[in-house]
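Look below for two forms of one protein chain, each set out as structure tokens: first structure 1, then structure 2.
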Structure 1
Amino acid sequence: MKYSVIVIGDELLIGQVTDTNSGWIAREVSPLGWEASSVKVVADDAGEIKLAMDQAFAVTDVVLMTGGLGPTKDDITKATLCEYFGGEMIYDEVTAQNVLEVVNRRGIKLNEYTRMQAMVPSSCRVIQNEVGTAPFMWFERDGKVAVSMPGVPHEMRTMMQREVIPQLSRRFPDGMHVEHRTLMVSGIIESALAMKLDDFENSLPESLHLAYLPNEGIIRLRLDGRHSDAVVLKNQLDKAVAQLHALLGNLIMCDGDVPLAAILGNELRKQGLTMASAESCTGGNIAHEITRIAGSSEYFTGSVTCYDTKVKINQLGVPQEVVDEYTVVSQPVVEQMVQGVCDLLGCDCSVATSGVAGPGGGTEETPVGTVWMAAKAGNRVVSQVKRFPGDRDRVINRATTEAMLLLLNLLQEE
């Protein structure tokens, strides 16, 4: 089944908020064989919303809408849908009861704005929002369905899983199967990878399609499959993945769309090792990326962010003379940092970073973007220096990725 998404909100169009709802929906419904035809982001404007509805219904039978259902004046989705689908705004007692329960559970008082969340178009069927005050609304016309959902991610996600997806599945049974497979590749640039895979790509069956997603030194290689027969599709994908492994060997870090921090975590768990990080320019981001992975407490001992040089010296044992002779952004400093954090926290492996994330702090010898990184596993220590382009966030993110890759490669060499 194909569906369209309409994301409503001025805050998205002026770039103050980034839409993550449409991506979440896509990932959630993809196993059902549902594909987004397009995502359109529009303003809190009745004309724009109606135009987007017309365009969406012209190409798909299902339109999922998020946003514009808040209690404040800038949110006009409900009134607009009432105009679009007809009927009038009515005060719905069942919805009012639900709003009251949600508000009570949160331990706050019902005020007039929140009370008015129970006003809904008479042309819709309400799906009660069990985790928020904005009702979900289901509209039908000429065999086509539009579902309007709040933009608050956890409300949309919770009720989409509990009610919207099951109800849409029953309403639109679909014969096509869609399946994606992703491989994580490192150590090669995109165009070189594409040349290596030229013959492979040309030999793929009609039902498969290859996509390249390079990001910060890692390429996600994704096979998209679509076929009426789930077994045939699975066999085609299995064969293609096996061919990719034969062609790319150890350029493939792992099967599946797995964050680097989880690949590193799996390797540590496999080898029964613990790790720590000692972070200057990455400022805690390596620890953050690693601890975003559920279960990371099994192998992640902790970290020290040593933003002030005295922390490098006092806690991580970097000698003052080394700092004086080589500066803090240097090979001897990061090599002592990986040693020092292992000694301090009592663990087997570590990574360290020291660099200039910018925009200030650069010198002719050590320009903005320069980052020294080290990794330690057992008695082996490796280090490297890179100069990353881009702004502060980008330097921090690249250094985070490259430092984790450095340790991963060291662990896999064993």
Structure 2
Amino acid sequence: MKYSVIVIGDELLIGQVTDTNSGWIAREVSPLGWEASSVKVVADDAGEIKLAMDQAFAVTDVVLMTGGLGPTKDDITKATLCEYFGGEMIYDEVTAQNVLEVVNRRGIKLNEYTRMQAMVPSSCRVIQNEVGTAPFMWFERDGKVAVSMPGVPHEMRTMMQREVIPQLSRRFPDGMHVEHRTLMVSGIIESALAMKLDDFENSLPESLHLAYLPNEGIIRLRLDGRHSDAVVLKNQLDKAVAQLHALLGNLIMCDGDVPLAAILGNELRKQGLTMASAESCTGGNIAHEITRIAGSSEYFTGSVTCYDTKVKINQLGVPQEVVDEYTVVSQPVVEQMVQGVCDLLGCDCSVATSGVAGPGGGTEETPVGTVWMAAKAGNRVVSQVKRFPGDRDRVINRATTEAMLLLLNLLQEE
């Protein structure tokens, strides 16, 4: 089964807001065995919305739409869909009650604009939004389905998981079993990994497909399987995963689509160790990533954001003479930083970063993108320098990833 996605909103076309909904939809619908035929972003314009609907229905039986369902005058999706599918706008009492309950839970007063969220096309079946005021609307004509959903990510994701995906799977069953396996890989670039797995890919049964999903120093290897027999599919996937482990060995960090911070946390928890971070150019981003993981307080003691050189010297004990001789972006400084933060916060392990994230501040010897990183585990300290391309955000994110990988690799060598 193929489906189309239409994302509606002027704010998306001018770059004020980034579309994250279409990617999320693709990831969530994929386990059904469905494939996206197209993703189109359109303005809050009735003609553009109708044209996108015509184009989508010409090639797919399901159209998933987000956006344009707010209470303000610039949100025209409901009225446009009423024109497209026929019928009239009606005040739905059940939807009105749902809107009132949502507003009351939020502790705000119901105004006229919000109350009018209960106006829906008579040609749709309403799926009540349990976490917002904009209703989800299911339209069906000539065996084809369109589902219009709010553009607010939290609302769309919550109700799509609870109601929309289950209803779609019942409406369009195909008798096929779909299963995915993911392996997290590091220490190798995508092209080299593809060369290493060339024979493996060529030997895969037709029911399996291997996808490479690289992101900032880590590659997710995803095996997608689709077969009419669930037992056969499971056996095929088990065999393929075992072959990948044999081929890649320590390049595989873990099985499953797991964030790097969680992989590092699991290793620390397994060894009964604690860690901290000393961050200059990453500005606390390592601590942010680690503490996004529930339960990280078991192994993460804290962080020192030592952006100013004085903090490196006064709080982390980096000698002034080391800074003077080597500069703050250097191997001796980050190695002193990992020791200093362990002493300060009383932890077993640590990571440190110092670099030039840009866009300014670079020199011929230390160009923008240069980052020194160190990791400490017990009495062992390792360090490395990287030169990352891209803008400031990318440098910070890559340095965050590489610093965590440095500590993870050190722990796994113990």
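Think of the rigid core as the biggest set of C-alphas that the two forms share within 1.5 Å after superposition. Structure 1's sequence is the ruler for residue numbers, which start at 1. Keep in mind the model is a prediction, meaning the values are calculated, not measured.
Subject >> Number assigned to the form predicted on its own in this pair >> reply: Pick structure 2; the other is not the form predicted on its own.
**OP:** Could you tell me the angle, in degrees, through which the smaller rigid part rotates relative to the larger one between the two structures?
**Re:** After superposing the larger part, the smaller part appears rotated by 8 degrees.
Subject >> Per-residue CA shift, residue 26 (Å; core superposed between the two structures) >> reply: Taking the core as reference, the C-alpha of residue 26 is shifted 3.8 Å.
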